[in-house]
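Structure 1 and structure 2, given next as structure tokens, are two forms of the same protein chain, each shown alone.
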Structure 1
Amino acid sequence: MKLEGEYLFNGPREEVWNIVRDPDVLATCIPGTQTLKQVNENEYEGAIGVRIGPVNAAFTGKLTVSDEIPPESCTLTAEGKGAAGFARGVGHVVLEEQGSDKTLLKYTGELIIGGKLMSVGQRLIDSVGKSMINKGFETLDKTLATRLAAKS
């Protein structure tokens, strides 16, 4: 499954980078996240639960951040497995300044899913995936607004 999209954050690029790299913030912003802990500077382990159609899926796995150019870009590699199957993906994230108070996040990537989870169909998986990404970005933007207000 190909992933591609963008999201306009209401804040400066440096601040967006800081929240994207904060594991405590990410744990509250990724829908279905049960746990997320930082293992080292660029690696995280966690558990997530998702419902896709009739299938409830719980995954444990890891997320690795590489090729970082703060606060411009990074590559994310994720691997997870559970009773319903597995998921592996890699994505590239770029943050572009849009004036002094807006940041455009662009992402591209690919996700491979296997196991029982594939029985629900590609269209449903795509729909749930896009919904999770959008909800995550909206929650990150709200967290960003709260942090920026606290600094004012």
Structure 2
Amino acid sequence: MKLEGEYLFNGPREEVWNIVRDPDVLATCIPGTQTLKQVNENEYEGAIGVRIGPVNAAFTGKLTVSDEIPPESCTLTAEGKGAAGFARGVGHVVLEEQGSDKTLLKYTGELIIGGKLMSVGQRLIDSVGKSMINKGFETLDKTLATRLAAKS
């Protein structure tokens, strides 16, 4: 499955980059995340619960950040599995400055999903996935606003 999209953040690029690379912030913004801890500079481990239609899936997995060009771009590789199946995804994230106080995040990627999650939930994966991504960005944006407010 191909992933593609963008989100406009209300903040300068450096700040957006900082929160995207902060595991504590990420843990709060990825819906369903139960734990997310950094195991080394570019690797995180965690657990997440996702509900897709009739499938309630608990995953444990790994998130790796590579090809980092702060604060412009990076590649995220995620791998998770659980009783309801597995997911493997690679995404490339680019941050573009839109003036001094706005940043456009663009992402493209590829997601492989398997097991019950696919055979039972296939019809809903797309919409659940999109809604998770958007919710995540909205939460990030709110966190960003709080940080910026605290600074000013």
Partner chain sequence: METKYFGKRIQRNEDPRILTGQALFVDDVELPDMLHATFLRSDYPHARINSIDISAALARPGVIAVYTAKDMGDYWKPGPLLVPAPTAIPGVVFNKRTQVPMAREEIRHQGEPIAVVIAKSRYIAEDALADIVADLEPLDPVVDVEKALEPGSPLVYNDLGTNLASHVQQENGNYAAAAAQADVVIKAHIVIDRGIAGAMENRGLVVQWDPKSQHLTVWATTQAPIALRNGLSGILGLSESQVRVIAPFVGGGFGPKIMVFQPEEVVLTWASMKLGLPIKYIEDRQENFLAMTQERNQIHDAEIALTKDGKILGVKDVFVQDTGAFNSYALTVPLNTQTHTTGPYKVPNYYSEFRVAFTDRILVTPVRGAGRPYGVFVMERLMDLAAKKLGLDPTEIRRRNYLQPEEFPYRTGIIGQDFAKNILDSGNYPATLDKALEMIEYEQFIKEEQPKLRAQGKHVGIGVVTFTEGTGVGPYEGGRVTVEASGKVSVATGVGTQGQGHYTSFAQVVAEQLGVPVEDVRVVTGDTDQFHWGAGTFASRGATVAGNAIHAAASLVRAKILKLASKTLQVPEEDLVLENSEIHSATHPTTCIPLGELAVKANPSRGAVEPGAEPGLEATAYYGPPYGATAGGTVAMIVEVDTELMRVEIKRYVIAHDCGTVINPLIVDGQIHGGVSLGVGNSFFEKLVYDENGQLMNGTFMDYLIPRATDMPYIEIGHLSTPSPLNPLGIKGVGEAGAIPTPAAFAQAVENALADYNLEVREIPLSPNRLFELLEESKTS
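Residues that one form lacks are left out of the comparison. For the two forms, the rigid core is made up of the largest set of C-alpha atoms that agree within 1.5 Å on superposition. Here, a residue number simply tells you its place in the sequence of structure 1, counted from 1. Since this is a predicted model, take the numbers as computed values, not measurements.
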Please let me know, 1 or 2, which structure is the form predicted in complex with the partner chain?
-> 2
After aligning on the rigid core, stretches of three or more residues with every C-alpha displaced by 2 angstroms or more between structure 1 and structure 2 cover residues 119 to 123
